[in-house]
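Next up: the same protein chain in two forms, each one alone, written as structure tokens (structure 1, then structure 2).
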Structure 1
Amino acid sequence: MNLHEYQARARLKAAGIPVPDGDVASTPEAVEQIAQRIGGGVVVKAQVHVGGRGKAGGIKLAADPHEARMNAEKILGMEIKGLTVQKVLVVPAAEIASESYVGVIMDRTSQRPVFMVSPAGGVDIEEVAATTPEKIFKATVDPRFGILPHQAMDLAFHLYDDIAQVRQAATIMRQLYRAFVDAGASLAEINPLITTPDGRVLALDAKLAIDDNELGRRPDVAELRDLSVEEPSEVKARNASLSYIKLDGNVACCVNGAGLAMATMDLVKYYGGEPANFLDIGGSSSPDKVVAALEIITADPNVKSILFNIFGGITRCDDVANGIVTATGQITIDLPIVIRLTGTNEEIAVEILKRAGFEALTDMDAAVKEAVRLAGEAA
């Protein structure tokens, strides 16, 4: 789950990081009022879950409240990378002397949090990593101790020459680490971390990506979820306790178990197809879940064939079969459905499906090939 900038900056502020005051609004009038309250120049910033808002025109400086209102009129409702802007953040315009990058991510290779900093901040950090990797500095954190003072100082010396700024940046890194851990984040990022002409170090942007598995024990973070900006099909899937991720292909996959779901997607690609989604219907599949899964899958207009791949362990094949029959009775599905199931109650399932006019396969390879072929025919 991603947080909006205004949510992330509130958490950074709570951790002690210097963040300019600001407020969110969803109408140009409210933006004007906030700008009036702030006084002087302000920046109006689109609140959407993507980076590169600056380049996309989603961040505009305004000299006075009237201009802030005009900017808000342009930015509210605008689309950035497919997301409609519904809220903007209004902050006092900062004078920038330098822009750097400071971030901490959960690194899978070292299985530890890794700090990354760069004096070449402000712009796309991926681009810096690709073109001038020597400008990125890293430190691996031992989770037992957190980022150590000397590590933070060492990184900060790569950003600034001025010792007062080095100390400020090192403190900010330790505070950022705290915010990262407290939020259950997989990424915490300040880009840009700026210096002002009078020597202060400030966070002008804030990003926190939360590990969804942390939400159960962090209600204060879970309540920050903004459903209005998430993929509707994924929201629906979550409510039905399904693990679903929408993809761009046309072979819909309905599988039990994340490992089998990944293997199924691999096999779809192997036979020249493109999966339309990742979907794990879970270990104990009631017919209801299958109905919800089929509703979600068939709502995606790209889908040209539906592939069930069920390995019955705890999941009973007859439950899945009943789900398929119930769902196809409730919603009209004009798409070819290929069903492969094997394992617990397989014979009963095959019987149920046969009676309803479906064919059931037991071989995964054959089923995937068939689903890819049918999608190709329809495309």
Structure 2
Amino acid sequence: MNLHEYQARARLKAAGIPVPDGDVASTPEAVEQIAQRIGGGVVVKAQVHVGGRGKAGGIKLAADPHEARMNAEKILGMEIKGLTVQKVLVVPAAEIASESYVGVIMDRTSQRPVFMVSPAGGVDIEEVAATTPEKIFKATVDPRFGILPHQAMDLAFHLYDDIAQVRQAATIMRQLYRAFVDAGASLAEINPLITTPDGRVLALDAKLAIDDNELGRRPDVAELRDLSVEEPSEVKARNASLSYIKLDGNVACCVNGAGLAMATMDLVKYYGGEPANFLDIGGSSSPDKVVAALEIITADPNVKSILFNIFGGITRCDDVANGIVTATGQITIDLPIVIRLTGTNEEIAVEILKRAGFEALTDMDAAVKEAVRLAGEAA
């Protein structure tokens, strides 16, 4: 789950990080009022869960409240990478002497948080990594102790020469790590972390990505979720206890098990197709889950064929087959469906599907090839 910038800024500020004051608004009139309260120049920033807002025209500087209102009229309602801007953040314009990047991310390989800093702030860290990787400096954190003072100081020396600014940055890194842990985050970053002409170090931007597995024990974080800016199909899948991610292809995949789902998508690509989604119905063969899965899949206009790939272990193939028959009986589907089942009770499952008018396969490669072929013919 991603937080909006204004939500992330609030959590960083609560952790003690120096963040300039600001407020969020959903109308141009409210933006003008906030700008009047702040005084002087302000920046109006679109609040959407994507990067590249500045390049898309979603971040604008305003010299006075009237200009702030005019900018808000342009930004509110605009689309950035498919997401409609419904709110903007209004913050004071800052005098910037330098821009740096500071972030902490959960590294799945080492199973530890890793700090990354760069003196090349203000741009996407991916761009820095691709063009000037020598400007990125890292430190792995032992979760038993958190980021140690000497680690934070060492990283800060890669950003600044002035010892006062090094100390400020080191303190901010320790505070950022605390915000990272308290939110159950998988990513926390400040980009840019700026210095001002008078030597202060401030966080101008904030990003927090929360591990969904942490939300059950952090209701204060879970209530920050903004469903209006999330992909509707992914919201529906989550409510149905399905693991679903929408992709750009035309072969829909409905699979039991995350590993098999990944392998299925790889095989679709291998045979020249493009997967339309990652969809794991889990170990349950409940018809309700299959109905929800098919409703989500068929709502995607890009889908040209549907591939069921089921490996029956603890989940019996005949239970899954009955679920598919029940689900397809409740929903009218005009798309070709390819079904592959193997494992526990696969012979019984094949017979159940045949009686319902489906051709059931047991070979995974053959099923994927057929789904790719049918999608290609319908494209």
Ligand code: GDP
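In this text, rigid core is short for the largest set of C-alphas that superpose within 1.5 Å between two forms. Numbers follow structure 1, counted from its first residue as 1. This one's a predicted model, so the numbers in the text were calculated from it and none came from an experiment.
Of the two forms shown, the one predicted in complex with ligand GDP is structure 1, not structure 2. With the core held fixed between structures 1 and 2, Cys317 has its Cα displaced by at least 2 Å. With the core superposed, Glu351 shows a C-alpha displacement of at least 2 Å between structures 1 and 2.
Residue displacement note: Leu335 has its CA displaced by under 2 Å between structures 1 and 2 (rigid core superposed). Taking the core as reference, the C-alpha deviation of Ser110 between structures 1 and 2 is 2.5 Å.
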